[in-house]
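Take a look at this single chain, the form predicted on its own, given in structure tokens.
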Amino acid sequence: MKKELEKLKNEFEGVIKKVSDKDSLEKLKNEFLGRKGKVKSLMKNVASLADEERKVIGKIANEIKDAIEVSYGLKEKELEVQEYATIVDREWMDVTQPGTFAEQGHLHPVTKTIYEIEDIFSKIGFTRIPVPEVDWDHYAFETLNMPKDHPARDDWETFFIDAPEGKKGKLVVIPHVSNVQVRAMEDYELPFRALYIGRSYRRQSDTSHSPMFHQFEILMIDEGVNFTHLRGVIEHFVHSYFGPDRSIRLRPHHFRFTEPSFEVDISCGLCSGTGELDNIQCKMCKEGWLELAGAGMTHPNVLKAGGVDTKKYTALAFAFGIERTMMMRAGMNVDDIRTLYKNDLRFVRQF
């Protein structure tokens, strides 16, 4: 019994020398000194010894237990000293150095432009309304006076969704936000001035086209609305956003949902309307002007599709590409629309 106790003491002293952290020390303490530890288990056997032998072995057992506890206490203090010796190195800081702050994000330039556009039109009575990004071709084409054989309704032009057809035709990822026109006529009381902003999708990609882009469109329905109102609203936006020195021109065009129809061009902000940049043809505009919008007086067939009395009301509408609009602002100097969506923080952080 005496040999077993001495063996247990030697085992503890051999193991405790290798302990290097408090967790391991605590584990060792439980293993030897715990309620179910090795010392307790061995001392239970003392009770079965004869009286004289029990007194001798009991004394030895207590001495060994005390020795183990002393070794444990010394090791515990040793580890505390080591921990405090390194705490200065681990937690030292120079309070005179400037603090470090979490990096803050900011709005993408396209998002900023959207907010500015909304503010400009709200000042002249236009209210922003939502745009369904996926819609029936009934709203995207049919009610906009586009026949079924119109090129825009071809798979090569528009992203149709592989889904069952409904009562209002196929589902389509909208190629323009004009799908809201008849929806607005169905949902809002006349007269109204509506602004709607959303993402559009087309199968195009070059310096001035992106497969995904943003548009904003306005629709104004009232009695006596005419072409002078159309030009006035366009000029209000152009001069508010680009400044009073920028020029616009209206070119006759053909759109199925407006009559008469025009394309709106603005003098190029990249080359200042010269068509050249550093003696090389401007790759953004090619000739000094850049198309920004389609515009016109809303076609009577579109008004009828929305249940509007064409003898009482007339309407005007135009749609701008937001990315192009932003790129044409003085000082932007962005010559490729695809740059906006490369997720390059070096570009985004400039704005």
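Quantities reported herein were computed from a predicted structural model and do not represent experimental measurements. When you see a residue number, it is the position in the sequence shown, counting from 1.
As for the form predicted in complex with ligand PHE, it is not shown, yet the points below apply to it.
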208, 290 and 324: each with a heavy atom within 4.5 Å of ligand PHE in the predicted complex?
no
Taking the shortest heavy atom distance, is residue 295 within 4.5 Å of ligand PHE in the predicted complex?
yes
Contact between residue 176 and ligand PHE in the predicted complex at 4.5 Å, heavy atoms?
yes
Can you check whether residue 202 is within 4.5 Å of ligand PHE in the predicted complex, heavy atom basis?
yes
Residue contact check: residue 137 to ligand PHE in the predicted complex, 4.5 Å heavy atom
no
Among 94 to 102, 80 to 88, 121 to 129, 257 to 265, which stretch has residues with heavy atoms no more than 4.5 Å from ligand PHE in the predicted complex?
257 to 265
Proximity to ligand PHE in the predicted complex, single hit among 64, 285, 319, 302 (heavy atom within 4.5 Å):
319
Within 215 to 239, the residues that have a heavy atom no more than 4.5 Å from ligand PHE in the predicted complex:
215, 217
